[in-house]
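To begin, one chain is listed below as structure tokens, in the form predicted on its own.
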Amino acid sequence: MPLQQYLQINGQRLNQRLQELARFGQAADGGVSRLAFSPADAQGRHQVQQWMQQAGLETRLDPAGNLIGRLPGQLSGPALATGSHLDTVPGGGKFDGVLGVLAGIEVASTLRDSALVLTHPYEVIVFTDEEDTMIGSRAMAGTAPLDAAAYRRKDGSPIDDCVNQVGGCWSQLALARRSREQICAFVELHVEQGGVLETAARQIGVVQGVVGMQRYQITITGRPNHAGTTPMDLRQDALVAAAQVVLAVNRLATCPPGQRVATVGALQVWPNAANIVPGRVQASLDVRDLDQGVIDHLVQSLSLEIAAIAEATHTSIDIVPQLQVAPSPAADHIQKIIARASADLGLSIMAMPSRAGHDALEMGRFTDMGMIFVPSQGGVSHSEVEYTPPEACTQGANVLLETLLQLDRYYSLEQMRQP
């Protein structure tokens, strides 16, 4: 089928709205600080709700404060859903999260303008507080603790007050949970937030899933002593041991080659003085991969290396878990449909994992999930210089549209096959 016969979203309107939404929370340096639950966030959500309604979407808020726009389908039943978030990190960019929301609205507008009604209902979701607690997607997936004390927002504000403030209802948070019978698939369009697509000169990333993440605190205990009077062979230098641990982490993550990543990103040294042999070091460890087995194997291998390092350096080394997030794989059939939709539109693709967390991570806990990436210029995100060219935003939105159209047919056929 010639390219011009495919439905196309309004790229000019999409990119204009990306710029318009950046006005809410925009700083003098061009960055956007639209922190969740802030006045700027409330203004942005109100503007997006208006755009949803203009596109024909019926809007509502769920108990987690998620803003949901819905188009009815030809038949009742589970919805096809898309969306992302509007909140940013301090001094963030114009595209992170926002592109997925506005592209979802453009899909609704295109369907309306074409007088096309999907077989399935269609939803666009603005998730609450993705950058901090992920309360919106976690509540929808049923993985959110219902005790407000379990949440510690970076600004110290109580999560229950925040959710109520944006129109949610914390006391009914459990009612935000959705099921596969309500949403048959969720597809999120997002900027890559890295430089892989740009380096490979590919236009579309077909996301294989959102990686699992495990974090640990490693404590190395030696013996502080005078740096001048303690011979090298009599030292119990905690920092020397820590350096060997860091090198072991890097070696295990790179050999053999693979997609796993492991990072020691924070070190604290005591007494931290120029003339004292370090007596104690605390180090962070962050390990990520799409395969939980790969993560477990790396951590087990590191534990063996740590035991050998402790013996060789006459130190003790403890590794304590801090965080565990299981991987969330993308559904195979959604990956294939995204790849086919991209090819139909004449766009080059690359299969890749998402090594950053997204709302799709939680949505994949209960329904079929997929993600579409478009390039980030220079691989920069969470920054005022975050940039994805207008043509790339438009291409991603068109892939989202075609993917949803093909998924509508896929699930209709699946339903017909059921006895």
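Note that the coordinates shown come from a computational prediction; the quantities given were computed from them, not determined experimentally. Position 1 is the first residue in the sequence shown; the rest follow in order.
Absent from the display: the form predicted in complex with a further copy of the same chain. The rest refers to it.
Contact annotation: of the candidates 326, 234, 343, 116, the single residue with a non-hydrogen atom within 4.5 angstroms of a further copy of the same chain in the predicted bound form is 234. Shown without its partner, this chain lists 378, 389, 30, 39 as candidates; in the predicted bound form, only 378 has a non-hydrogen atom within 4.5 angstroms of a further copy of the same chain.
Taken together, the three residues 195, 215 and 253 all lie with some non-hydrogen atom within 4.5 angstroms of a further copy of the same chain in the predicted bound form. This chain is displayed without a further copy of the same chain, yet in the predicted bound form the stretch 285 to 293 from 161 to 169, 332 to 340, 285 to 293, 69 to 77 comes within 4.5 Å of it by heavy atoms.
Under a 4.5 angstroms non-hydrogen atom cutoff, a further copy of the same chain in the predicted bound form lacks residue 175 among its neighbouring residues. When a further copy of the same chain is considered in the predicted bound form, residue 148 lies well away from it, no heavy atom lying within 4.5 Å. Using a 4.5 angstroms threshold between heavy atoms, residue 94 stays clear of a further copy of the same chain in the predicted bound form. a further copy of the same chain is not shown here, and in the predicted bound form it never comes within 4.5 Å of any heavy atom of residue 182. Of all the residues from 229 to 247, those having a non-hydrogen atom no more than 4.5 Å from a further copy of the same chain in the predicted bound form are 229, 230, 231, 232, 234, 235, 239, 240, 243, 244, 246, 247.
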